[in-house]
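Have a look below at one chain only, the form predicted on its own, in structure tokens format.
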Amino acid sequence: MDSFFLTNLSSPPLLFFFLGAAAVFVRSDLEIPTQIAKFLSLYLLFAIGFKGGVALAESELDATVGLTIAASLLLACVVPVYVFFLLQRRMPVADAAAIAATYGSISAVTFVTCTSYLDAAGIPWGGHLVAAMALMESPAIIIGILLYRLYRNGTADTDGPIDWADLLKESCLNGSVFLIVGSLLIGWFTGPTGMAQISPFVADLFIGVLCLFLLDMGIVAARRLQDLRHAQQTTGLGPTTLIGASLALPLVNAALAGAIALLLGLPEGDALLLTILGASASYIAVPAAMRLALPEANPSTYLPMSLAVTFPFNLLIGIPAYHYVLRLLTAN
């Protein structure tokens, strides 16, 4: 098991993430300008989408691909429901709905980091998992909003109607989803020929750009961790409880996704990617949608839970631990 963690700990992207966090703790003035950080994010989404599309073009579309995508959508629908009912009696309904949407949706950066981990280990993975990732972002957002509307303690006549056009646009056509789906389709259409044309940009620069992006994410995550202290004012739950939930939820969701992957007989790389999709939590798409459709929810609760706790946990411990357990179970 040590080799899995050593491989991950020796990964430059992960070390740059901790360098960013250390910069905050020692009060360095290290900063990634907002526009540069946005460019890095767009590059990663473009690159992983395009590479996934090329891999999809080179693979055979069989029943397993369809079942994997169906299982991904099932996860995106089941997780927010059980998380909501687990939390709704312990905190305000709006916060429970926002957290449910957060953990039902996914983190594209966690997925990208996991593909980098697999590439470094020489383990192949299927491009259809990129499509699954894109499809998993939106259902949880919509389900979270619906659950809030159904269980908001009889305040229906004080709230205005949901603007479904804006909500669907924000959850299904936001920039990250649109870019990764578009890149996937272009990669699928152009195949290996397209990859040969832009390989120096898509492949050779990928790890370096990921390092810079995770440096910025380390800075942001360390700052967000402090926000959990203010969450108790609205949720009634202390930082220790929220941090515990932020660690427990990815483990439960990873177990659920991993069980599905084993049931489907997915190959090693695909099984790990489906597991990490289940274990990850959104900190980009969901907050944007919650600000629009559920402003009653407190961002200082669901955002630091996903970004400051679950995200680094999955990067440092989750990816190698899930990989080890999956390999152990398939070996037996």
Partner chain sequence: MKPCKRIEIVIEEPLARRMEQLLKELGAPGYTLIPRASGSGDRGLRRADEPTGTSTNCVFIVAADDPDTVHRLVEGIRPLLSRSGGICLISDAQWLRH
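No experiment lies behind these values; they were computed from the predicted model shown. Positions refer to the first chain, counted from 1.
As for the form predicted together with the partner chain, it is not shown, yet the points below apply to it.
>> Only one of these stretches, 22-30, 58-66, 260-268, 273-281, has heavy atoms within 4.5 Å of the partner chain in the predicted complex; which one is it?
In response: Every other range fails; the passing one is 22-30.
> Hey, in the predicted complex, does residue 213 get a heavy atom within 4.5 angstroms of the partner chain?
Replying inline: Answer yes; at least one heavy atom of residue 213 falls within 4.5 Å of the partner chain in the predicted complex.
> Is residue 224 a contact residue for the partner chain in the predicted complex, using a 4.5 Å heavy atom cut-off?
Replying inline: Answer yes; at least one heavy atom of residue 224 falls within 4.5 Å of the partner chain in the predicted complex.
> Heavy atom to heavy atom, is residue 86 within 4.5 Å of the partner chain in the predicted complex?
Replying inline: Residue 86 lies outside the contact set for the partner chain.
> So, in the predicted complex, is residue 91 in contact with the partner chain at a 4.5 angstroms heavy atom limit?
Replying inline: Looking in the predicted complex, residue contacts with the partner chain do not include residue 91, since no heavy atom lies within 4.5 Å.
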